[in-house]
Each structure stands twice: as C-alpha cells, then as structure tokens.
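This document opens with one chain alone, in structure tokens, the form predicted alone.
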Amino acid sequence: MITPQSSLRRSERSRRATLDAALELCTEKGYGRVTVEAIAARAGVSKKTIYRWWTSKGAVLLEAFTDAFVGATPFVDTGDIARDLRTHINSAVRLTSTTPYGPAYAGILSEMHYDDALAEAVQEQLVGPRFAAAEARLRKAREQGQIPADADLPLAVEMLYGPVYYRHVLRKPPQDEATVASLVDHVLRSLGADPGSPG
C-alpha cells in the first residue's frame, strides 16, 4: 500500500519503470519467481525505493494490473445496457487472458490468500472500485427504465463477474464473445429486463 506522503515524493518515471519491470519479469519467470530485488535491478531503482512505495512484489504487480484493467475496461453509456455490459466484460476477458496481465493477476489472487495486506489492497484498489462502477452503470440503466426498479444490482454485478473470474482462477478457456453475450442476456433476464430492448 502506498502512503499519501510517499506517493507525493515518487517519480512517475521511476514508478512506470518499476511497474513495467515487474510485468516483464512476471512474463519471463512466472509470478512465483519474481522478487523485489529483481524488479529493482530491472527498473534501475533501489530496493529501498520500491519498499518506500509498495509493501511487496504483489503490491507492485497489483498496481500494474489495476492501471491496465481500469484503462481497458471503461463503463461506457451508449444508452443500451446490454451492449455496454458486453463491451465491458469482453474487455475484461481479453485483458485477463493476455500476457502479462493474466498471469500477474492469477499470481496476485493466489498470494492474497496468504498475505492479508495484499488481500486488503486488492479489495480497496481494484475489486471495490470496479464493483462500485459496475453497480453505478446498472443504476443508471435502472433510472433509464432498462432495468426494473426492484432489481438487486449488487447481486447482478456478482453474477456478471463471477463466471469470468471462475474461469480465470481455474485456468479454464476464457469466454468468447458469444458466451459473454449469453451471460449478459441471462443476467439481465434474471433482473426482469429485456436484453434486446434498450429503452
């Protein structure tokens, strides 16, 4: 976890070099063989510098993954909730099934079971904010009349993301676009919405 004070001091160039180095090493060696020492050497920064900004290699890779995930999976609003959810979920599937992001995230998810600080960071930096953003997009669709007023939005978010991460964690083949479309339609129908009717 990065403290506000250390965050203000850090160089963006060094930050980017550190995140890129961590991803490169994860691709080359696998998550389990990456060390803070190796990241520091590849990035051209000191080990002390890394520990000033992050608590562990998992925290470094989490920030690298989160940066990429947030940038690649925006919640757009075209006025068609089914289309927008398909776009979002397809983007998430592509990123989590692409090197280096997929292997990095799999390593983070595994390590967080033994690292309470990393588990808390995953929730605070990635899962919580993305869950809130997905729920906000569904709430907007509800306000637009595309989803019934009594729809359970938090449950809908879990239903949307659950199959994606189930496949990722168990190393099953990722969903293709047709499977994602079926997933989105199923979730919307379970809420009492018509996936084929944007308004």
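Sequential numbering from 1, following the sequence displayed. Predicted, not measured: the structure shown is a model, and the values here were computed from it.
Just so it is clear, the following notes concern the form predicted in complex with another copy of the chain, a form of the same protein that is not shown.
From the list 42-50, 58-66, 138-146, 25-33, the contact stretch for another copy of the chain in the predicted complex under a 4.5 Å heavy atom rule is 25-33. The closest non-hydrogen atom of D80 lies beyond 4.5 Å of another copy of the chain in the predicted complex. Remark: Q175 counts among the residues lining another copy of the chain in the predicted complex, judged by a heavy atom distance of 4.5 Å or less. Contact annotation: V76 falls outside 4.5 Å of another copy of the chain in the predicted complex, judged by heavy atom distances. Although the partner is absent here, G107 lies within 4.5 Å of another copy of the chain in the predicted complex, judged by heavy atoms.
In the predicted complex, every residue of the candidate spot (D116, L155 and V169) has a heavy atom lying within 4.5 Å of another copy of the chain. In sequence order, D152, L155, E158, M159, Y161, G162, P163 are the residues of 150-164 having a heavy atom within 4.5 Å of another copy of the chain in the predicted complex; the partner itself is omitted from this view.
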